[in-house]
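One chain follows as structure tokens, the form predicted alone.
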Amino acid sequence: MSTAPQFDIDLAAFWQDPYPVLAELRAKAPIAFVPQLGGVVMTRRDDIATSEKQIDVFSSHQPEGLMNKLMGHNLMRKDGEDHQAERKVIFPSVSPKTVKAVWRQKFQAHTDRILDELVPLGRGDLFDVFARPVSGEALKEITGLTNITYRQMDSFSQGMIDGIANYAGDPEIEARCHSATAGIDAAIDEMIPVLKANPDHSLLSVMLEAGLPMESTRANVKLAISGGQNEPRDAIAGAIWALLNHPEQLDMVRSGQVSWLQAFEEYARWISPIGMSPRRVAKAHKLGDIEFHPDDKVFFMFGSANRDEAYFSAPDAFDVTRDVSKSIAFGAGPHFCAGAAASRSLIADVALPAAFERLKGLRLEDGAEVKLGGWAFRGVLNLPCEWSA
């Protein structure tokens, strides 16, 4: 077991707002064993950025990890040549070139259709009626699972997200995760003959074309859903909320002084929709005075790294003019998010500018409370808004 000092947390309070605890950890115990999580947390950016590249020590391969057990052995839980081989297979589907040539126009078409239905209503929870369907319809296209609804996609994703963050071992959460993965397998089975007859740029299609084993194909589709629905959904809704709460910054973006991409990147730094990435210690290692031993569980706390005072002044403030080049919202090593180009295009090129252009006079509903939650995955939970119908 690691020699890192012990640091106890209140899990419920941590879920509500992890940032005060993360700031305390950075200051007092930047590498600490948290018994409530059953592992060691790293909270400073330098430690995380360095350690994430040391795959021989901090391994993504976790045979007993929740993701492997519940979703199958996907490329995120592989290192070295095994990881790179599968990443190479899926790259044609999510490359910047494919995003620009294929996916962006599909993202725009779905977003326009959704907004056509919203504009006359004059009010609604944009988390549910805009961010959720925009993210879900985009992910249906990218995965190739166009045979399900966006609400099914969202439900499948949430079930898996909850399952792989179920460190307390709640049996009901695990059961919902199993239901989600079974639903995805059924959808994959239905689409296999369709895509074999009519191949396209989707993840499922390119993996079938490459002859990737079905076990890996299924696991990687589930990985894409677990990371490709909730995070864009939460970032779309969250960035809208952040900009509405900072009207002077919204004016800068709308006038072109700051790009929509910069606004999104700052939101991703500030909130970090993916707030944590787990690792397994593969061999004995020492970092400073702290010893790590094989099979220790380690959490890279991206949500803390992105508020590290050593790199970001006033890190708890949302500031679209900030230099975000040191943010690691998409990771910092060989596991840098494969879907980053698609995410940036969906959110910064399409969803954010379209929402503010089409929903005239967009504003938060008077007196409504916007709630946030989560630490491993964090975002707004609702976004009640009004606009001119």
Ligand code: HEM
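Counting begins at 1, following the sequence as shown. Because the structure is a prediction, the values reported are computed rather than measured.
Just so you know, the form predicted together with this ligand exists too; it's not on screen, but the next bit is about it.
Although the partner is absent from the chain shown here, Arg87, Ile142 and His335 each have a heavy atom within 4.5 Å of this ligand in the predicted complex. Here the chain stands alone, but in the predicted complex its contact with this ligand, taken as any heavy atom within 4.5 Å, falls in 340-348 among 340-348, 318-326, 65-73, 27-35.
Within 4.5 Å of some heavy atom of this ligand in the predicted complex lies at least one heavy atom of Gly227. The shortest heavy atom separation between Ile274 and this ligand in the predicted complex is within 4.5 Å. Among heavy atoms of Leu223, some come within 4.5 Å of this ligand in the predicted complex.
Under a 4.5 angstroms non-hydrogen atom cutoff, this ligand in the predicted complex lacks Gly39 among its neighbouring residues. Here is the short version: of Glu231, Glu137, Asp308, Asp154, the single residue with a heavy atom within 4.5 Å of this ligand in the predicted complex is Glu231. Of all the residues from 21-56, the single one having a non-hydrogen atom no more than 4.5 Å from this ligand in the predicted complex is Glu52.
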